[in-house]
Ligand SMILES: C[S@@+](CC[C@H](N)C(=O)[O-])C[C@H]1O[C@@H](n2cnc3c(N)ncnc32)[C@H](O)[C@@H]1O
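Consider the single chain below, provided in structure tokens and representing the form predicted alone.
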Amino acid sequence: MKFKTIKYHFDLLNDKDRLSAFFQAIKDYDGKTSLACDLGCGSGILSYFLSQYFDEIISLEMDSSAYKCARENLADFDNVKVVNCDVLDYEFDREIDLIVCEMMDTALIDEEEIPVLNHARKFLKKDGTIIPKGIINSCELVNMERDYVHWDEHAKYEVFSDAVIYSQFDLLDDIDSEFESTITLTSNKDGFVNGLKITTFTLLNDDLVCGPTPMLNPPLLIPLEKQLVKSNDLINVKLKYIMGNGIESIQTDILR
């Protein structure tokens, strides 16, 4: 099936690892199949996957250009309803069996996955579920070339510590979007550090975990105050951000 899409969603569709992970998670779903909701459906590819298994799919997309593509792509599917709206403004008229929401970004900082799910989860059946099910976030000390927040594609950096898991979330839970944690990292070499590398792993279901892909949570590099470290030094970093408020909300501080 050919899909009409906007440029950004064209890149999403070409990320085969991302696409196959969500396809497999939808295929593996074994719950009730009356109603599924695709939140932020883009060009409608995940709704297309869902249409093979569910009696009805409600697909919500705020961007008018993407909505027009989804409406055209899914026009032949009588069990799919495509709506042009902000998910936060949509009131579902009955309970949902499955929520699919791929508003994903590294550590859920730059996309609205958390505020959207905190709203939509109110309409989920008690035995309903969400794809993806959760995320795990890890970080490492690095010396990086650039002195601003950026994703690691083509970026130059040197890793100075083992990865430490600093947070994990079950997306079935109500989640406070304001995140704050103090993370202890151990330097494994001598030199200067000036950043953190955050890596996010996506739990599609209990058995399926997807690491970073080009269009699904690529590692994020965040600047720190430059500091000389020696091997086995403990570095305590306070990390703060607001999930859904963008990378501008990130704050870091080395605790002495």
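In case it trips you up, residue 1 is the first one in the sequence shown, and so on. Since this is a predicted model, take the numbers as computed values, not measurements.
There is another form of this protein, the form predicted in complex with the named molecule, and it is not shown here; the text below is about that form.
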| property | result |
| --- | --- |
| Contact residue in the predicted complex, from 131, 144, 96, 116 (heavy atom within 4.5 Å of the named molecule) | 116 |
| Contact assignment for the named molecule in the predicted complex, among 86, 78, 176, 162, heavy atom within 4.5 Å | 86 |
| Per-stretch contact check against the named molecule in the predicted complex, the hit in 183-191, 226-234, 35-43, 197-205 (non-hydrogen atom, 4.5 angstroms) | 35-43 |
| Any non-hydrogen atom of residue 111 within 4.5 angstroms of the named molecule in the predicted complex | yes |
| Residue contact check: residue 209 to the named molecule in the predicted complex, 4.5 Å heavy atom | no |
| Partner contact for residue 12 in the predicted complex: the named molecule, 4.5 angstroms, heavy atom | yes |
| Contact of residue 103 with the named molecule in the predicted complex (heavy atom, 4.5 Å) | yes |
| Residues in 124-139 close to the named molecule in the predicted complex, defined by a heavy atom within 4.5 Å, in order | none |
